[in-house]
Ligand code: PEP
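Given as structure tokens, the chain that follows is alone and in the form predicted alone.
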Amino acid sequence: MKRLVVGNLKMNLLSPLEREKYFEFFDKESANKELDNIEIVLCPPFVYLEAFKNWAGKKLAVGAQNMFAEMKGSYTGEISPAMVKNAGCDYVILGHSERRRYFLEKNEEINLKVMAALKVGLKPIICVGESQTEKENQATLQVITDQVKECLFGVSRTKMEKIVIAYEPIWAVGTDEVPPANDIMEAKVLIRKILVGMFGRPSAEKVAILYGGSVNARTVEQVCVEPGMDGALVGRESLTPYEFLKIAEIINNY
């Protein structure tokens, strides 16, 4: 299983000109880099999915930052799993802490999206993690357990190779504060244990477990390499191809 380096561009690149500059800088920085041990996934805003896919071709995978659970219909402003898939996406981020915080998404809603994504052949990147308050109340174990179990409710063992889980402590997102490597490793072990209990070890071992939350070239050793994660979900650093590809190189080489 290749490691994954996922770039979440969030609500950025405000014009086609910015998008084209991003492509230009990414091509320049990635030239002559050998990144054979990883798969790079870029998740731009919806309006750029097709442009990113046309630019990326087979060299990179493209993912969406979210989607609705219904395939089509009267859901003004929403994007369906079929639309995401037909735009050329392979992945979709679901349950990101910002979706939970600003749009009040619950595990049950995320579960519906997971099932819908799998139905059309998308690979869901499911974000789980505790808030600062939950951490202080020593509720991290229970929070992660509930999120994993409820978000994966009803998923069959045969689909587990398509599942990606990103451990994303909410208090670390965009704060430049990251957990010690041992804490991240404990979260990975916990998630794997939950998966084994739900699906059995052979199926659970097929799931990639990433770390997300203030990942940059300075912290990637601590948050990804030392805890033995299967890759990283990168936020703001993915907007700068030079920094993003430095992270990718470190993960590729460990």
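Heads up: residue numbers just count along the shown sequence, starting at 1. Source: prediction; values computed, not measured.
Only in words, not in the display: the form predicted in complex with phosphoenolpyruvate, which the text now covers.
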Run the contact test on 173, 215 and 234 with a 4.5 Å heavy atom cut-off to phosphoenolpyruvate in the model of the complex and return yes or no. yes
If contact means any heavy atom within 4.5 Å, which of 32 to 40, 65 to 73, 205 to 213, 221 to 229 contacts phosphoenolpyruvate in the model of the complex? 205 to 213
Proximity to phosphoenolpyruvate in the model of the complex, single hit among 134, 98, 105, 90 (heavy atom within 4.5 Å): 98
Does residue 10 reach phosphoenolpyruvate in the model of the complex if we count a contact as any heavy atom within 4.5 Å? yes
Do residue 168 and phosphoenolpyruvate share at least one heavy atom pair within 4.5 Å in the model of the complex? yes
